[in-house]
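In the block that follows, a single chain appears as structure tokens, in the form predicted alone.
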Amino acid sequence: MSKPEILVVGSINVDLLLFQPRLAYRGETLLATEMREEFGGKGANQAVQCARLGQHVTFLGAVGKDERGRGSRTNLEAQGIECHLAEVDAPTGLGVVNVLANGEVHATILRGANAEVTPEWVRQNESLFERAGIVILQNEIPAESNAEAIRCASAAGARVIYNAAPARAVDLETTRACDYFVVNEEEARFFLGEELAEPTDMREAAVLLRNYCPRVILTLGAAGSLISTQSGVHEVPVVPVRAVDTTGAGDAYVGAFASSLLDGESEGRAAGIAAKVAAMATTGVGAQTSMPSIEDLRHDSVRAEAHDSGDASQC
């Protein structure tokens, strides 16, 4: 029997990266120092990271009938990703990313064709879920399409990693049907709202987030990440690097976590490997262009160094 695949149901964008010393003030025109056009989208980024770590990856999404759409398909296929893309009249998704001198990023996206990843398109491709061991979802496609993907994954017996980003209102019935709920600190604040006092211990936030899903991963940037399950909250330390551009670091984390789980790693060890991969992804410019390959990890001896978060390995 062949090894199960990773199926990503999600977004494809082309990112316009503007490099600038800081954000412009209100009413100010600020000169950027450089502009680059890169392939992106949370779904595509996560798929690329999984593929670079040696997984067989299938991608389900949509692109426009435009040059960016054709280029995005070619890019994914060049990574070895099997593509099932609806070609729609809307333009291919677009992201505008402000990359500041300190490596901090601020992003705005136009969903475009990603809004056309409909529940009907998901159902038409239900057979893809039967080959999947893990299904990865994000919030750059319609909520009802995510719900349909979760239904298909459940019927096929696949685990679901739901990266609830960007933050938007979600149905608890949907999130509780997932195996992992992955958010960053700002997204956690959105989902917890008034429940999250200022300042709040992020460990407390990780516990509260289990109202959405029994297993939560809360990523905290330079402060590492937390795994929250019924057995408790387990810390995964950050891997120190000199960050150049944090674009796509969260996507690298999700892709590496999913890949490691599919390879049979414990949650704690998978999260440690994901932290290392995410850190390596910040040392270059752009999202997909800086994502490490399995050869990069072997060279860096990541599996020998990755932190196993104590009892999390038994979750």
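As the structure is a prediction and not an experimental result, all values here were calculated from the model. Residues carry their position along the shown sequence, with the first being 1.
Beyond the structure shown, there is the form predicted in complex with ligand RIB, which is absent from this document and is the topic of what follows.
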| query | finding |
| --- | --- |
| Partner-facing stretch of 34-42, 254-262, 58-66, 267-275, counted where any non-hydrogen atom is within 4.5 angstroms of ligand RIB in the predicted bound form | 34-42 |
| Contact residue in the predicted bound form, from I109, A156, C178, L85 (heavy atom within 4.5 Å of ligand RIB) | I109 |
| Residue contact check: A287 to ligand RIB in the predicted bound form, 4.5 Å heavy atom | yes |
| Q49: touches ligand RIB in the predicted bound form, heavy atom cutoff 4.5 angstroms | no |
| Sequence-ordered residues of 123-160 touching ligand RIB in the predicted bound form, heavy atom within 4.5 Å | E140 |
